[in-house]
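Next up: a single chain in C-alpha cells, the form predicted on its own.
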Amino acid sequence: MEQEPKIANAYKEYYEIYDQVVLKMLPFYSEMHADMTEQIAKEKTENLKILELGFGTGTLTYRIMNEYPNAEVLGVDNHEENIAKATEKLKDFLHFKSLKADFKSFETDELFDAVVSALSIHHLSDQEKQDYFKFIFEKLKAGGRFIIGDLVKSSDEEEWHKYLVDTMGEEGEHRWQVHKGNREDKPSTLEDQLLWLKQAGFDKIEVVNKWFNFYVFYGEKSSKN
C-alpha cells in the first residue's frame, strides 16, 4: 500500500533533518562510527566485501568507503527517503550498491568480510536477535566480523535522559518521551546480546566502547570456519 501524501511528506521532512537531529541527541555519533569502522579490518587497502544493515542516510557508509577505498559495500534499507539521501551523499563512490529491503528479512547469496549495523539491531525482539545473529554468522567469511553500534537495555539510559534535558531543555524531554513511547524500539541487554553472539557461533566477542546506554561491540567468526 502506498503512503498517503501527508505521511510521505512527513517522512521526507524527517529525513531531510535527520543528520542534524541525531547529532544533537547523540553527541558521540561520529566517535561511534569511527570505532565501528576501525574494527572492520587491519589492512585498509584490502578488497573487502562489506554489508551494512539499515544504512540510513549513509553517514557510516561514507566513512567506511573513505577509509577502505577498495571495499565493496552493499547497503540494505527499506526507506526510499534514506536511499535517495544516501545515494546523493555517496555519489562519488563507485563500489557502493543499495538494496531496498527490510534488513530483517532480505536475501543474498553473497558472503562478506564484515557486517556492520548502526542503530538498527534494537528494532529486533530478543528472539529475532538470536535468530538474526545466526543468520549473519552464516553470511560471514571465515575471520569476518559482525560489528554493532546500538542502544541497549540498561539503567544507564537515565544518564542519556539527563543529557538530553540538560542540553536541549523541553525539546530534549520531548524527544526522550517520543523515544520511550516508540514501540519499534526493543533493546536487549548487552549481556544477553554477547551471549547470543556466542551461541550463534562467534568465536571472539569484544566490547569496544560505551556512551550512556549505547555500545559498540562485535563478534568475530573463527578463521578456521
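Quick note: we count residues from 1 along the sequence shown, nothing fancier. What you see is a predicted model; the values in this text were computed from it and never measured.
The same protein also exists as the form predicted together with a small molecule; that form is not shown, yet it is the one meant from here on.
Segment that reaches the small molecule in the predicted bound form - one of 64-72, 27-35, 41-49, 192-200, heavy atoms within 4.5 Å:
It is 27-35 that comes within 4.5 Å of the partner.
Considering only heavy atoms, tell me if Gly172 and the small molecule come within 4.5 Å of each other in the predicted bound form.
Gly172: no contact with the small molecule in the predicted bound form.
Spell out, yes or no, whether the shortest heavy atom distance between Thr108 and the small molecule in the predicted bound form is within 4.5 Å.
Thr108 lies outside the contact set for the small molecule.
Consider Pro187 of the chain shown here, and say whether it contacts the small molecule in the predicted bound form, taking contact as heavy atoms within 4.5 Å.
Judged by the heavy-atom cut-off of 4.5 Å, Pro187 is well away from the small molecule in the predicted bound form.
Taking the small molecule as it sits in the predicted bound form, is Leu119 in contact with it (heavy atom to heavy atom, 4.5 Å or less)?
It does: once the small molecule is placed as it appears in the predicted bound form, Leu119 has a heavy atom within 4.5 Å of it.
Check for me whether the small molecule, as it appears in the predicted bound form, comes within 4.5 angstroms of all of Asp113, Leu140 and Lys204 - heavy atoms only.
Not a single residue of the candidate spot has a heavy atom within 4.5 Å of the small molecule in the predicted bound form.
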